Each structure stands twice: as C-alpha cells, then as structure tokens.
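Here's a solo chain for you in structure tokens, the form predicted on its own.
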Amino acid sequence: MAEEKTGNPEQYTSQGILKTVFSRLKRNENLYLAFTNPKVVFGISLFSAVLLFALLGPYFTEYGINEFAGIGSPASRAAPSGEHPFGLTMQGYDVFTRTVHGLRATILVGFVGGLIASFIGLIIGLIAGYRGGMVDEFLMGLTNVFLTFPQLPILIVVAAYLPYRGIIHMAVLVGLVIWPWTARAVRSQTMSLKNEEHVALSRISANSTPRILIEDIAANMFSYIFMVFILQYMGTIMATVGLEFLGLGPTRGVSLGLVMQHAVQSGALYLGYWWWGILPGLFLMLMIFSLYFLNTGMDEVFNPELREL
C-alpha cells in the first residue's frame, strides 16, 4: 500500500512557494532587505536583461563582426529594418551583430578589470589596516603614489605602446591602475574591525594572520567588498570606453566603445546614421544605469542610517 504524502498541499502552490522563500529570506536580515529593496531588484533585473541580451544575441544573427551584410549607403537603405533591426554601417556591417559581440566584450572587461582592482585593493587594505606601523606606512605610501599620478594619462601612454591590445589586456591594464581608492577604503574598514572582540579572541586562540584576515575581518565586510566590486566594475568599463574613444581600443575584436568610436570617426550622426552610435551607446547606458541602482540599493540595505522606515 502506497504511503500517504504528508505536508500541507498549499506549500506546493506558487503562493506557498513564495511564502516559503520569503520566510527563509527573513532569517537573513540583510538578504531579505536586499531582495525587497526596489532599487536592488530593479538593478539586478535590468543588468540581467542586458546580460541575457549579450549571451543570446549572437544566436539571432547570421553575420560575422566584419562580414558584409548589405548596402550601407545611402543612409535610407541602411536604416533599421526587419532584416537588420539595428541598421547597417556605412561599410555595410550589421550594427546588431557588432553591438551584441561588443556588449559581451564590455561585460567581460568590466568583470575581469573590476575583479583585479578589487582583489589588489582588498589585499593591500587588509594588510595595511591590520598590521599598522611601518607596514601600513609603506603600503599607504605606495597607494598615495598611484593616487598622485593621473590615471587616464598613464593608461593612454601604456596602451599606446602595447604592440597588441586584446580585450583581456585592456581589462588587466585598467585593473592594475584603478585599485588605490579601494585599498584606502578597505584599510579604514579593517582598522575599525580589528579591535572587535571576535578578532581579539582569534588572536588569543593563536589563529594565523591570513585566517584572521579572511574569516574574521573580510567575511564581516563582505557586503562592503561587493559594493566596492560594483564600483570597480563601472570604473573599468568607463576607463576602457574612454581609451577606445581615443583610438586605443582592442586591436582585434570589437567592444561597445569601439563601435561608438567608429561611428564618431565616420561622422555617422552628421550623415544620418544615428543608429550606428546611439543604439550601442544605449546598452552601455543601461548597463551603467543598472549598476548604479544596484550599488545605491545595496548601500541602503547595509547602511542602517539610509534604510527607509
């Protein structure tokens, strides 16, 4: 004889599932506040939509990045249509194809560069804030040296002398330059946390310094580190787009900044090819917009003074 199913049948309905999810989220206050904050939800939804477009977009085009797709001149023939939803360039390249591939590259650049900058800043900030003394002075002196030199001119000079510039090369270059403010911010947080009771208990227990930094300090500022990564993500994207507008973009491949730079260089707006630069720029704006809302919402979640009553 089959065993009877136990439990409330309502828990298997959509409403019951939502109640179960929210009840579990409430156990973690910050997580619950994050998923009920309108700005966080809007930011995640918008960025997810842009990411989904970048991942699935190439499957909806039959053209390559540098493949001739149709007559690109005059502008009336190259305007957006059913066959070419984002129109064509003057040279006859499909703008939709270049936009989706460029968006993929830009998202990758932001992730890699933001990760590198956040990691360097996190390590230097943790060590400087925890050790103090001469170690702190040396690391902060090094950080101040990087802060003294203007970042954009350094990026321009280094990028101009690189024999080959790939997508990853651009991300690494920017990530190695924009980390200093993260180091200073993490140092301040570390100095306030190292005097907490649980950190003192770890010292008494003879835990190693790396373990204390990771488990007792970094783990307790995870939300702050996540917000720092979002800002570094945006900073990397804006820095690489700036380089691309100056003609120092990837020597191979395509990115959103490179697509817009080609449009500006060709005088697309003056000649009536408004879609060439505006549509790729729209996706760049949406991505930055989503990250801004996500960061603002996370700040409200993890900063009690900013939480709405």
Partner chain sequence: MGKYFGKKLIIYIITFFIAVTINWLAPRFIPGDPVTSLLAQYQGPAAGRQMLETRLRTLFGLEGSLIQQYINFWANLLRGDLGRSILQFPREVSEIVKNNIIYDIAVLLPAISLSWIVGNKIGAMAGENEKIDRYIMPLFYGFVSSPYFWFAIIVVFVFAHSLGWFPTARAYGAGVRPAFTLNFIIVFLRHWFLPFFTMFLVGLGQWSIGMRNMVIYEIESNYANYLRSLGARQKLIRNYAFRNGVLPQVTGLAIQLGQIVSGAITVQVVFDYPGLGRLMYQAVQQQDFFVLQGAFLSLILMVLAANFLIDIIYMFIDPRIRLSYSEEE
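Residue numbers count along the first chain shown, from 1. Here, rigid core means the biggest group of C-alpha atoms that superpose within 1.5 Å across both forms. Remember, it's a predicted structure, so these values are computed and weren't measured experimentally.
One more form of this protein should be noted, the form predicted together with the partner chain, which is absent from this view; the next part is about it.
Heavy atoms of every residue among 147, 265 and 274 are located within 4.5 Å of the partner chain in the predicted complex. A heavy atom within 4.5 Å of the partner chain in the predicted complex is found for exactly one of 79, 154, 176, 168: 154. Contact with the partner chain in the predicted complex, judged by any heavy atom within 4.5 Å, is made by just one of 108, 172, 160, 123: 160. Picking from 114-122, 79-87, 99-107, 138-146 the stretch near the partner chain in the predicted complex, with a 4.5 Å limit on heavy atoms, gives 138-146. The partner chain is not drawn, but in the predicted complex it has no heavy atom within 4.5 Å of residue 37. Using a 4.5 Å cutoff between non-hydrogen atoms, residue 248 counts as a contact of the partner chain in the predicted complex. Heavy atoms of residue 229 never reach within 4.5 Å of the partner chain in the predicted complex, leaving it off the interface. At the 4.5 Å threshold, heavy atoms of residue 282 reach the partner chain in the predicted complex. After superposition on the rigid core, the Cα atom of residue 161 is displaced by less than 2 Å between this form and the one not shown. If you fit the rigid core between this form and the one not shown, you'll see the Cα of residue 149 move by 2 angstroms or more.
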